[in-house]
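Take a look at this single chain in structure tokens; it is the form predicted on its own.
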């Protein structure tokens, strides 16, 4: 299949999945017992005010018309107004999303590094591989909230090495241009702020990364073990190459395809776990925003977070499939 055709079909499939997700959120909003107009106006609103607000929101229109309005609003970036903050949901997400993206980026980067270490060390039977595997599998077996609390008790409460909450403890952090505090601090030349931001990132990013890292490492190890039995690997060994060179130069490149696919799947799980981790570490991202919105039934905020996370998951998996196709032309949809 032509690479451009593959990319077009994969992006088309991503669009279909997003439409299904939007339809699911629309259905859930109508199955909910919360009246959007009443929730927005407050418990003391009169019936006439609620009826006027329902008409303003288009809730009196036929269900099919409401659905097309919902899809149109989504395409234009209109996700409604939060019942809790009284701000447009897109405005709230623009405020909270950069913190989540920064945490997810570093967590995924850390998961890839740890997964690579685990997979290569296990397949190559390197010294210390069993200890690394035991520590990582033990961490991945624990619930996220328990692992986070354990990290706070040890590295903040007992050792005092790392901070327990927030993005930074320093005043006047930079607010732009990227929204990533680490990168903005670097661009501003505030290296003390950069170090402080990395210290705040390390514990929540590690908690998020351990589970995906174990899954990526296991898949990579299985692929490496299979590739190491191939004829060209025997040829490389017969030339006198050291085992480490054979593993890293010849076997690793042909083993990354399954690991890339697993990375896409684990990125979605990482985004799902982000809600729990942000709540424990008081990380000011969309997970923390959603956790505050759930108890008050703020459905526009909850659906906005769900759609953003779903969009991120779909795009990441599409990108992974495209990269895997470019790495190995034999890959098909």
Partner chain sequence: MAMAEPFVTRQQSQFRGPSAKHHLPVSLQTRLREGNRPAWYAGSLLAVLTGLAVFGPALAPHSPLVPAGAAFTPPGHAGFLLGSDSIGRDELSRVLYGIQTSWFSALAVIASGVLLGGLIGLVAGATGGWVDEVLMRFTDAFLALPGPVLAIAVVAALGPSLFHTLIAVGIVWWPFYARIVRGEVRSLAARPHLEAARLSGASRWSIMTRHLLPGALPAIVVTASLDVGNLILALAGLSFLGLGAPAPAPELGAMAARNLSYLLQSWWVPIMPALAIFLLAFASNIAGDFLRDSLRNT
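Numbering follows the first chain given and starts at 1. Note that the structure is a prediction, hence the values are computed from the model and not measured.
There is another form of this protein, the form predicted in complex with its partner chain, and it is not shown here; the text below is about that form.
- Residues placing heavy atoms within 4.5 Å of its partner chain in the predicted bound form fall in a single listed stretch, namely 127-135, out of 127-135, 105-113, 179-187, 74-82.
- Contact annotation for the candidate site: 28, 268 and 271 all lie close to its partner chain in the predicted bound form (heavy atom within 4.5 Å).
- Its partner chain is not drawn, but in the predicted bound form it has a heavy atom within 4.5 Å of residue 149.
- Its partner chain is not drawn, but in the predicted bound form it has a heavy atom within 4.5 Å of residue 299.
- Contact between residue 15 and its partner chain in the predicted bound form is not found at the 4.5 Å heavy atom cutoff.
- Although the partner is absent here, residue 153 lies within 4.5 Å of its partner chain in the predicted bound form, judged by heavy atoms.
- Though its partner chain is absent from this view, in the predicted bound form it lies within 4.5 Å of a heavy atom of just one residue from 140, 117, 260, 99, which is 140.
- Residues of 216-231 that come within 4.5 Å of its partner chain in the predicted bound form, judged by any heavy atom, reduce to 218 alone.
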